[in-house]
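Here you get one chain, nothing else, as structure tokens; it is the form predicted on its own.
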């Protein structure tokens, strides 16, 4: 039999998707599963967005669209960035693809040469490391401080002549931590000093609580020449399955991502483009009630977990996750997550998936009763667990 790629063989499937698959399989077999592992809101897409897609379908918008997104969609994104984020981009500095995940992968492919290094602060979104490896780059992980901020001093020690990129998400997945202005300015200083690209993943920007979302591009607009902003409509508009993601940055990199799009997914469907424009034009008010609901759940989740002996958490200011510290019970959160699922029917993502053993990521994007019941089961599991 012919051989296959050694590189791709070494990659691991997304642990969050694998966990979700296992939880769904157990549920299908009759188990009453509480799923804290899902990385999407539990509320549906707004009816006005759905209606726009249906109208576009009926109008015959079912053919190929342009690679990288149509001009009306890219213009709508530039208007959103200007009005909501105080960022100035032209339409030719924006590229749209099948979700922020695909856009991010194409960004790594467009930036990296074999062996070049990417600094990834812990905890990191599960796909960063493997996407970098698949793009023939070398992921370099760095630790976090107790408050969940990246360790800037450690980052400085990890810079080599091969370092090319720093990538991070704020609000952070999995911790929900929002990077402080001090942290963001520190990352900018490192990038400028060592002539690095910055990839700022801001997919959770709409889900920031008790403060305003701040981007590196707000603090130092001049970093635009070396920064790729990653965002999309999945989280802030409850449109995960619609797969609308985008990057904004210098044309030197955006044109390469667009070229890759022309050879991969080609385009997002035109009827989905129409729905995306509708969403972007509506703005954040469309989902404001849901954001208030998420904030109440966040407060409840923190209260309930704070009452569990041996458990702690990093206070989340954004996203919809609580990163629960179980290190006083066990450092092997992978083994514990299996114990939790198989014995208490609760799915939570182990910290190993995010480069941080001894933690569990639980999503509070579930109804209140489910949240209470699931955290009670987590408490019982921690009390009975023997590592």
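The structure displayed is predicted, hence computed values, not measured ones. Numbering follows the first chain given and starts at 1.
Beyond what is shown, the protein has a form predicted together with a small molecule; the following relates to that form.
In the model of the complex, at least one heavy atom of residue 204 sits within 4.5 Å of a heavy atom of the small molecule.
Interface membership of residue 100, defined by any non-hydrogen atom within 4.5 Å of the small molecule in the model of the complex, is confirmed. Contact annotation: residue 128 falls within 4.5 Å of the small molecule in the model of the complex, judged by heavy atom distances. In the model of the complex, the small molecule sits beyond 4.5 Å of every heavy atom of residue 200. Contact with the small molecule in the model of the complex, defined as a heavy atom within 4.5 Å, is made by all three of 173, 235 and 243.
Note on the interface: of 308 to 316, 92 to 100, 182 to 190, 220 to 228, the segment with non-hydrogen atoms within 4.5 angstroms of the small molecule in the model of the complex is 92 to 100. Of the residues 104, 166, 279, 248, just one reaches the small molecule in the model of the complex with a heavy atom at 4.5 Å or closer; this is 104.
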